[in-house]
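A single chain, nothing else alongside it, follows as structure tokens in the form predicted on its own.
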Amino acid sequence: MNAAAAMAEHLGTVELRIPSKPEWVAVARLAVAAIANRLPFSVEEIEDLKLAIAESCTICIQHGAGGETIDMTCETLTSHLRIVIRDHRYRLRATGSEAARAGAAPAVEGLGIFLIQALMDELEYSIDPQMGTELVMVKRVGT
């Protein structure tokens, strides 16, 4: 695909920043539903997207020690929706058990990642004790 064709299929990007608190996850869910509604997703697919967003925000909240916000970026294309959820941690100095955990590579386990993988077409994620958590998800239209 050439650059002109790639630009023609890009419909827009929406960015949202919410506080890293459970009571704000509903805002991210509503935003992704409104964005997905602009693409030809079914009602069931939009519900799947909302659940995936809720789970990814929850992962950021759980692993986001010290993070004050969660950023959501939704890139809409005619063929798919690409969503990036991230928190930002900026630690000046880790102490005690935090220092021990910072040396180990954190792992995301549990039902949240399993659900996101089941609901989305693609998922990549990373958790870095210094830089934060990032989940990149893709949901293709018509799958």
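In case it trips you up, residue 1 is the first one in the sequence shown, and so on. Just so you know, these numbers come straight off a predicted model, no measurement behind them.
The form predicted together with another copy of the chain exists for this protein as well; it is not shown, and the discussion that follows is about that form.
So in the predicted bound form, does any heavy atom of V14 sit within 4.5 Å of another copy of the chain?
-> Residue-level check for V14: yes, a contact with another copy of the chain.
Partner contact for Y125 in the predicted bound form: another copy of the chain, 4.5 angstroms, heavy atom | Heavy-atom contact with another copy of the chain at 4.5 Å: absent for Y125.
Is I85 close enough to another copy of the chain in the predicted bound form to count, meaning some heavy atom within 4.5 Å?
-> No, I85 is distant from the partner.
Does I35 make contact with another copy of the chain in the predicted bound form, using a 4.5 Å heavy atom cut-off?
-> Yes, I35 is a contact residue.
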